[in-house]
Structure formats: structure tokens, C-alpha cells
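Consider the single chain below, provided in C-alpha cells and representing the form predicted on its own.
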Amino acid sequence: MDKIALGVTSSISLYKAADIIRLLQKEGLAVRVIMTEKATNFINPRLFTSLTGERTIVNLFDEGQRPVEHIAMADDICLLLIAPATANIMAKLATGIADDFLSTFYLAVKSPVLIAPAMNQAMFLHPQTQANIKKLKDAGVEFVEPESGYLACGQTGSGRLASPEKIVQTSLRLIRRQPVFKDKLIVVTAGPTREALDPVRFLSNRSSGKMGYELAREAYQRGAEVVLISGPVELEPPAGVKIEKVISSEEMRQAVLRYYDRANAVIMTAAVSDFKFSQTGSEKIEKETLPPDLKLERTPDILEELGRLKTGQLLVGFAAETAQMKARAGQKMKKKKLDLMVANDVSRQDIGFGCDENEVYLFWPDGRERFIQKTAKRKVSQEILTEIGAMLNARK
């Protein structure tokens, strides 16, 4: 199991470190906490010991530590994360001062280092703090920039600790990034589209967007630049991912085309409406005046259009079927000139639309296929991105 060293310093926001630990553990990572002595004035180290199952380190020469613990531990971790980080600890790291365990440990680590500052706005914007941040960035240290908002001092401004979710997602990106995704733009579509009859009623489908959001999150963690084009869903966008929200199929089409020329891969997970109303009302249509035969017309097939326009992009489609899944997925793959087709059976109630799990088949134009048995959509997204990574690598 990969292990992260979490440095906790004496910012009032250090209580959020408990949430950071929980989210890291949810991702299958072990955490070892290093606290500065001043941080123990806010929280007892035993709290973090209980959460992580490992003794929290405070002093450079605590009893029970291995000989030269800061050197031995440096080989155990895949990331040093300091959250929250005060102006004081950043000044120490920038100038090479090593007078406690955390600052000494920083000089010993070979892994990536990620810092999430948290302090009063005046302290954060002070020229000396900014000079220290620049010096650390020049040395290769990564940062999760603080947010603007209400601060502990009662003022409002920049300096607020970034959300635990954003800190963890950035941490995962540093741990899991892969060379093949570096400088790659991945466009992911997700969720349903809605075709309006009037301002109140619309035609849509049951897509929840969960599969697309997991794919966007995974692509970001592997190091890609990710644009998520999302229909109306009730999901929080993954941290670090650029999101564009759309409603209709035409809005989704226009959004995808804006990025298509410079995209390296497009993953069309969205369940785009196949039909729209021939006429729409600008005001609510009263049921007494509703036509007895509402006429429909086809919406543009975005995936087919992308296949025609393809100039080297990797194009991935999704087929939600209720019968003859393999045959229909194969036909669609050929017609739309896809590089990979992902198909699943949406007639089942335990997978697909609205569920946290999925079971899919992957199909390639050369006749290869792969079955991914029922598992969490997070795991399915990882398997799909592994295949996409291999295909991108083969195109070098």
C-alpha cells in the first residue's frame, strides 16, 4: 500500500486534516502524520494516531523512533503533503532551515512535495511569503492554491485552505500521473441532454453522469488536461477538471466541437437525446391546447460527426443497449469510425443508469474485445483509461 506523509502545521484550519486523511484512506492510501510542536496546541497528536493507526511524529528525537527516522521514513513514502502549511513552515523550507522533524524530513524526501497554504490574507500576500513560494516552486514543489473566503481572523480574502477534496485530488494526480497523459487534452462528455417542449417540460433519459465523471476524474489523476462537458446532473465536478455545463444536444455538440481540434482523445459517455420536439413553446403550453400528436425530429449524431471530422483524435463511444448488445455496439463502432466502443446492458437494474456499479464490454475495430465484470464505476474508469493510455502510447 502506498503511503503519504502528511505534515500538519499550526494553522487554525488544521482540523480539516482529519477529512484529508479520511479521503486519502478511501483511495487506498496509508497516511503517516507529522505535526509541528506548535500544531499540538490546537489538536492532540493522539487524534491522528487513532485515525491513521500509526504513531504521530512531533519531535525530531521522539522515543520509539527508528534511528535517523527522518531518513528511513523518506524511503517509505510516495508523497509529502503539507496541509495546512503556515507562512513559517514555508519560510523554513525555502531557506533550508531544519530545526524540527517536518523541516528536516523535507530535506530528506525524494518523492514529490505538495503544499496547501493557509493563513491570513495579509500574510499570504506579503512579498516575503510570495518570494518563498516562488523559491519552492522553482525547486519543484507543487502547490494547491488557497481559496478566497471567510478567514478565522474575521476578514474575507485569499488565504483560506483549499477544500480537502481538491487537496486529495491534486495529491492523487502527483502520485498516479503517467508520462503518456502528459500534455494530453482529454474531453469527456457525461450525463443526459434535455430537449425542451416549453420552459417546463422536456424530453430526456435516465443517465446520472456517474460514469463520465469517474472517467474525467481518472484522466485528471493520470496527468491529462481534462474538459468535462456535462449535461444536467446532481454531481460535484471532480477537482482540477474544467467543466462546461450544457442542457441540449446542440449545446453539447457545440461545446465538443470547440475543443475537438486540439483534443488527443474524446470519450463520449453522455447519453445524448436522439430526438427533439419539432416545435417548442416560449411559454408553458396549457394541456388543453397541447397538440394531440407531438412531432419529433432527430437530433444531430455528435459521435458520427466526430468520426467524419477525425484527424488523429482517439475517439471512444459508449453504447447503452437493452438487447443484441454486441451486434449493435459493433455496428455503431464501424459506422461512427470509433477507436474503442464501450457497451453495457441498461435493461439491468443493478448496473448502468443511476447505479454506482457497471459491467461493460470493450470492442476494438480489429475484432478484439474485453469483458469487465460488474464492479464499481471508479474501477471501470480505471480499466478504460488504462486501455486508452496504451492506445495513445502506441500512436507515438
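Residue indices: 1-based, along the sequence shown. A quick note: this is a predicted structure, and the numbers were derived from the prediction, not measured.
The following text describes the form predicted together with a small molecule, which does not appear among the structures shown.
In the predicted complex, no heavy atom of residue 32 sits within 4.5 Å of the small molecule.
Although the partner is absent here, residue 114 is not a contact residue: none of its heavy atoms lies within 4.5 angstroms of the small molecule in the predicted complex. Under a 4.5 angstroms non-hydrogen atom cutoff, the small molecule in the predicted complex has residue 274 among its neighbouring residues.
Contact annotation for residue 207: at least one heavy atom lies within 4.5 Å of the small molecule in the predicted complex.
Stretch-level contact check against the small molecule in the predicted complex with heavy atoms at 4.5 Å: of 264-272, 96-104, 171-179, 78-86, the positive one is 264-272.
For the three marked residues, 299, 332 and 358, a heavy atom of each sits within 4.5 Å of the small molecule in the predicted complex. Shown without its partner, this chain lists 246, 319, 241, 167 as candidates; in the predicted complex, only 319 has a non-hydrogen atom within 4.5 angstroms of the small molecule.
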